[in-house]
Ligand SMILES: CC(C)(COP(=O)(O)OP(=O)(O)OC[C@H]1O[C@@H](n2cnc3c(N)ncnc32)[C@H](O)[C@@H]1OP(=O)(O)O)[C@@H](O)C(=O)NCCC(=O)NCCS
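Presented as structure tokens, the chain that follows is alone, the form predicted on its own.
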Amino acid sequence: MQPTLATDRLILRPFHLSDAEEVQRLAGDFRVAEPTANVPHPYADGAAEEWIATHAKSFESRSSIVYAVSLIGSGRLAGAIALSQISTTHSRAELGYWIGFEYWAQGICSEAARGMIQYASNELGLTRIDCRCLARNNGSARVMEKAGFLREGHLVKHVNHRGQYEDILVCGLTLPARSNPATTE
């Protein structure tokens, strides 16, 4: 069962189908969707329910772990954060996130990222996390920087984003390696 995580101001919890309407409202905002490589716009009716319905199976298979980012005091949904492409063989994953426009510039995404990084290190034993964003997405690049990621690459015209070829900024974070008794001598 997917655990709930807490930071100073946030609860990172599994999504519920009852979150779908708010997901569609927040992620469907063009200001949120446009600078991201993976959030659709327009956000079609039913798409949030379909997305949320995939989370439990992805967690069980450990292929990805998706959390709702909610505010401690009000419980309001502010966005999403996820580890995807989880590889136990290579002890790594990719971090992704989106935050509703009304919650930008409040440190919420950086705080959620730090909580997810701690979970990835302490509970999953990951030693590396990658993160990517459109190179022009200064807000996302700042989140990565504040969470401790280092810039590792700039992929020129790497994605076709809404009909335009765009550059991708690649960042990485290494975490302390944990001893694995099965592989030590």
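Throughout, we count residues from 1 along the sequence that is shown. None of these values were measured; they are calculated from a predicted model.
One more form of this protein exists, namely the form predicted in complex with the named molecule; it is left out here, but the text below deals with it.
- In summary, among the residues S64, N137, S70, T127, the only one with a non-hydrogen atom within 4.5 Å of the named molecule in the model of the complex is N137.
- When the named molecule is considered in the model of the complex, S91 lies well away from it, no heavy atom lying within 4.5 Å.
- Under a 4.5 angstroms non-hydrogen atom cutoff, the named molecule in the model of the complex has Q106 among its neighbouring residues.
- Contact check for I99: a heavy atom falls within 4.5 Å of the named molecule in the model of the complex.
- Among residues of the shown chain, A48 is not one whose heavy atoms approach the named molecule to within 4.5 Å in the model of the complex.
- Across the options 56-64, 152-160, 115-123, 138-146, residues that bring heavy atoms within 4.5 Å of the named molecule in the model of the complex belong to 138-146.
- Residues R31, V32, P35, T36 are the members of 16-55 with a non-hydrogen atom no more than 4.5 angstroms from the named molecule in the model of the complex.
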